Every structure is written in structure tokens, then in C-alpha cells.
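A lone chain, given as C-alpha cells: the form predicted alone.
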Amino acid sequence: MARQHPITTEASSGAGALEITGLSVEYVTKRSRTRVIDNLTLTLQPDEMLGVVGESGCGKSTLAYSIMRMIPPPGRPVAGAIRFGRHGDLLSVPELYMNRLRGDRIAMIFQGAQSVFNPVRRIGRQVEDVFQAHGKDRRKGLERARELLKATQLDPGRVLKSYPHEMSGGMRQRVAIAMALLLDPEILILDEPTSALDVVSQAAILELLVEIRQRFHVSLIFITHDFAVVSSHADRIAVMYAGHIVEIGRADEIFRVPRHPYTKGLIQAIPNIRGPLRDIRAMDGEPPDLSKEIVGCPFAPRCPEVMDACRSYKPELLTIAPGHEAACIRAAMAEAQ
């Protein structure tokens, strides 16, 4: 399928790639200033599936909203840039231009498939609304929707005539994916897309996303708190903690040889159903209060490998192997030896 660029038609070697540099996001009220993302740098490659993993409150969803420039008030980006091919910095382009990019070049599926839909309109009408909002032919939109619904293994005739409440959770999630792809975006962001589904439906959605990526050549950012969900499907995994990326690398390598203690803790909490039985270990403590200044490594109060230096020095991401980075003093010391 040939990709069309209604907003920018000039070819670009960087088209489809997303580069985030030095992003900081704060929620500011009269009583507090909370930095939920702090100096974050991240790159998404064309046709890549990038998993973003971490506990609730670590900044994953705020990262997604930042890319869409939809951070709910009183949140706002205070530093950094989000560059998207020839479209420039998404944090500084005019709002009208950003409105055209949303859904057209970058699409997002929010938490809870039900929230994507208008409960009193049939799916077919909602498809027409999407195309009308972007100034496109509604009839062609329905043809595109039928193609995508077939690709998601659904019956277009039934779905387009249905109201959202007439479909199961798994069906709604598939329809949400199809609707996000209606305008052929280059990037699709999925925020906890499987959290409300049973295990069987989760596996089906993950397999579907792999097929969708290959067929439609779309880059995926898959946000989840469940390490096991993306460990076997993502190309790379970025582990977030307290608004920082603490480890990033190829999914197989991070799962096999995690270098940050927080990543190790997440993996140790996954039940092993395919190999020898082992104890499941929960991490002690709670994530830090981001409204207060954090001195040293944010994970230090919970870290089983903490050293005195960790309490005063905040480590930056360092390359510890080709394509593998970690923000940990011990990992850096081990690499230096």
C-alpha cells in the first residue's frame, strides 16, 4: 500500500521517525510543582515496535500525551523537543497544524477501548465522522474501514451497523485499532491496550499488532505496566521510573540480561509458566513523591543493590553494550571493569 502524505508531500529520509530530546513535563498548581518527566530522550525508528514499561505513575501516559500534545491541564512541557520527520518540533508547531497531524500522521488508542467511541452512534457513522473531520471522502472512509476490519478479523457488515455496547471488550479493542489506522498514520501509540482484557484476548491483540505493523508499515509505541506483555513482541523496550528512562535496549537482551535493578525487579515479578518454577518476588517500597526534590538515584530507597554514592549522584543513561543503555552506577562500574 502506497503511503500518502497529505500534510507534507516532500520525501524525507527521516519520515516516520520520532526523536524526543530533553523532554521535561511539569504539573503546576498553586501548592506544588511536580515534574513527571525529567530530561527524557528517546528515539522511535520507522516500522519499529517500542515497548514502554513501568509502574503506574512513572510517566508513561504523560509521555504519550506529550507526543500528541494533549497533556491535560495543569500539565505542560517546560523543556525539550519532539521532532517528527519534516513536520518539525511537535511542541512548537501551530495548533491548527497539530490538529491535522493527530489521527492523520500520529494516532493514539487511549486506555479503555470503550472511551474511544460515542456510545449513541453506530460504528459506521463514527468512521464517517473521522473522515469528515479531516476533510476526506466519507464513502472512501467506509471502504477503508471495511478493509481494516477484515484485517482485524472482524465482520465489517456487522461491526459498522453496531453500537459500541453491542460488542465484547476484545471486539471493541480491535475496532479501536482499525479506527486508529483509518487515515494511514505513520505512528500508532497504544496506552495499556490489553489491560482490561483476559489472557486469551491479550494474546490475540498482540499477534494482531504484529501483523498490523508488518502489513501497514506503522511504527508502534506500546505502553504497559506488564513487562511480560511486550517482552516477546517489541523490538526494543524502554523502562521508565519516576519520569526517567532507566534502561533501554533490545527486548530480548533486556529480558535476558537486565542491567538496572528496577528492570530486574520487574522481571522477577513475572510468573514463569514455561520454564522451571521459581519464586515471584515483589519489590519493596513505593515510587517517590515527584512533587518533592529527588536527590541521587530515584530508585535508591528501594534498590537492593544500593551504594552510598547512589544517594547523592543521579546517574545518566550510559551505553553498557551495543544498543543497550542503563542509568545505574553499578552497571557503569561493571562495564568499565
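We number the residues from 1 along the sequence you see. These numbers come from a predicted model, not from an experiment.
This next part talks about the form predicted in complex with a small molecule, which is not shown.
*Asks:* Spot the stretch among 43-51, 59-67, 293-301, 308-316 with residues whose non-hydrogen atoms come within 4.5 Å of the small molecule in the predicted bound form.
*Replies:* It is the stretch 59-67.
*Asks:* Check each of S231, Q111, Q202, S162 and return the one that places a heavy atom within 4.5 angstroms of the small molecule in the predicted bound form.
*Replies:* None of the others qualify; the residue that does is Q111.
*Asks:* Would you mind picking the one in P119, G135, P74, P94 that has a heavy atom within 4.5 Å of the small molecule in the predicted bound form?
*Replies:* For this set of options, the contacting one is P74.
*Asks:* Check, residue by residue, if F227, D235 and L266 all come within 4.5 Å of the small molecule in the predicted bound form, counting heavy atoms only.
*Replies:* Zero of three within 4.5 Å in the predicted bound form.
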